[in-house]
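Below, in structure tokens: the form predicted on its own, a single chain.
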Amino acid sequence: MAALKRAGGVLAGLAIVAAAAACGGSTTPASEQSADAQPVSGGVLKVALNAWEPTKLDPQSQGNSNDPLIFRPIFDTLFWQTEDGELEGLLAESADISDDGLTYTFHLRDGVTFHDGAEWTAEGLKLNFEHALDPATQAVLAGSYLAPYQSSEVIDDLTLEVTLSEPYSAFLSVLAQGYLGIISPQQLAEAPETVAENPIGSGPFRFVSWTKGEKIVYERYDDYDWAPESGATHTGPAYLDGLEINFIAEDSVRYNALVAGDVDLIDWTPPQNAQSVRDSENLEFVKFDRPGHPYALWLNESNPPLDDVLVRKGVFAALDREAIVETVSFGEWEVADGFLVPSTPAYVENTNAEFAYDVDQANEFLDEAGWTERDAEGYRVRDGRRLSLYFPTLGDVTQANQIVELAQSQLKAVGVEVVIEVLSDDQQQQIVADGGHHLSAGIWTTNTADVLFIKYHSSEITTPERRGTNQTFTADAELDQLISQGRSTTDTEERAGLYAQAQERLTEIVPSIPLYYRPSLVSYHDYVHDIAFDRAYGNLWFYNTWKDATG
């Protein structure tokens, strides 16, 4: 495939530094399991995930951890991230970048057809950009990734020139993620509202049905013939006749469904069952690390008492993160030592002494902040008010619930109350968007260090006009400058230096408490072969997968 190019100088395959470590020695390549077996076509692969089901099937409007896995079978992206961290063409063959970093000229692949018969053209790409940025789409994540987009001009049927409002070093990388899957231009032009319930893409599988709260069904797209070269083991259509993705909230039920053979594969393997899968004679296990920001407790800096950095530092120092992670993950997760996952470009190991568990230090911080008195229950009070933190949560993932409860117990030991309330998805999201919370939790997976901009830049704070992604409500001028320069510079070394400084600044202002790097824990029957991953996010990808006769 053609290389990605910069006008005035060749950019030979935009390297994503360190992303090659995405599997980080954590797994034996699944392809070794089936090295001597010959692929056969046919069969439906039954997959089980946890309860994180999308609210609609428009990839550009969604943002939870399961979505790229769910959408990638249906939707292709412009680019594909290779194993060594570079980008190659998928629906785009190449891109020319102007010297000032403001103009991208996309040269599209010829001959692609969507599931509804629509042809792939530059006008279709333009419609997709506009759809992602349309307020009606409510694209919190895609809208943030495409925020620098300003306009585009169709040059010819297969050439689109895009103008950005500012240089954006992560632009091509995010276009490889499933959240920016390309929707049928015919559907966008004629009935964009139907994408939510009946998505149409150009991927190896087409959408069949969605039973909400239960499963999504896909069937093979027989005309598919444009799989990414580095990610594919063959050409033409996928091997499987179809997919069935089931949503099973309870860990034990999901695991038992695998053991009983009711499903062929599960993601979100309960950590306590991982070793049993490894020891099984007929099950296989694979662990795959995801780049981006670690799973963290987000601290809302705009809501007192967390507007005081001493309180935030006290909360941080009071948490025994190693004990929490070990208890919850049974040793399957690694404690985070910074604000980026090691496989992410510009990751810096954090050696700051304050980035550690220290109860004495926690008490000193909280005392210094003026919370020196205690009430009858042992909680700190000041001016007649208890040091209390509100944590609205969904309560739908076992490990997330355990983390919250362990944090609640550890913080009580230093006199900090945590009030946990289980809410619906809509209620919880609205409270966090409005800043009515103190604590929230989650992970942000992405293939660039620009995640620091997405999560902590003041422009990403929610406003009446746009729901942002900065749920810590961080507004730090020094940090803003560093991460703004990091996303705009075209110099790789300069960018790494700026992001290193940004990570140091985050340690000083403590807008969140990174807990662990969360890999995908995938278990499957040994009749399932050639499990593969989309490395731009770390999600399963089923184009190569097949089942032998015993399945």
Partner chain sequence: MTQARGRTVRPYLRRIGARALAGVGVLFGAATLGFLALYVLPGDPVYAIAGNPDQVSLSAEQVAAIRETYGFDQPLYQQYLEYLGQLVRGDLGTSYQRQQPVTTLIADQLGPTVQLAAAAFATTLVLAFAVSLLTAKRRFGRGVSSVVELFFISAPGFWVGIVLLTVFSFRLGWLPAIGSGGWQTLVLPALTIAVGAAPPLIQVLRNGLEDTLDEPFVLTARTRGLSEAAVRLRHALRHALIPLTTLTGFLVGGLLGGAVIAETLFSRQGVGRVLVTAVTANDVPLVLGLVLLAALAYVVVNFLVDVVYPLIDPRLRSEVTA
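Each form is matched to the other, and the largest set of C-alpha atoms that superpose within 1.5 Å is called the rigid core. Since the structure is predicted, the reported quantities are computational estimates derived from the model, not experimental observations. Positions refer to the first chain, counted from 1.
Only in words, not in the display: the form predicted together with the partner chain, which the text now covers.
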property: Sole residue of Gln430, Ser280, Ser230, Gln186 within 4.5 Å of the partner chain in the model of the complex, by heavy atom; result: Gln430
property: Answer option from Val263, Ala118, Ile97, Leu297, heavy atom within 4.5 Å of the partner chain in the model of the complex; result: Val263
property: Heavy atom of each of Pro59, Arg220 and Tyr543 within 4.5 Å of the partner chain in the model of the complex; result: no
property: Contact of Ala139 with the partner chain in the model of the complex (heavy atom, 4.5 Å); result: yes
property: Ser520: touches the partner chain in the model of the complex, heavy atom cutoff 4.5 angstroms; result: no
property: Gly89: touches the partner chain in the model of the complex, heavy atom cutoff 4.5 angstroms; result: no
property: Proximity of Gly43 to the partner chain in the model of the complex, heavy atoms at 4.5 Å; result: no
property: Stretch from 161 to 169, 381 to 389, 255 to 263, 404 to 412 whose residues place a heavy atom within 4.5 Å of the partner chain in the model of the complex; result: 255 to 263
property: Contacts with the partner chain in the model of the complex, stretch 465 to 484 (heavy atom within 4.5 Å); result: Glu465, Arg466, Arg467, Gly468, Thr469
property: Rigid core superposed: Gly468 CA moves 2 Å or more between this form and the one not shown; result: yes
property: C-alpha of Asp222 moved at least 2 Å between this form and the one not shown on rigid core; result: no
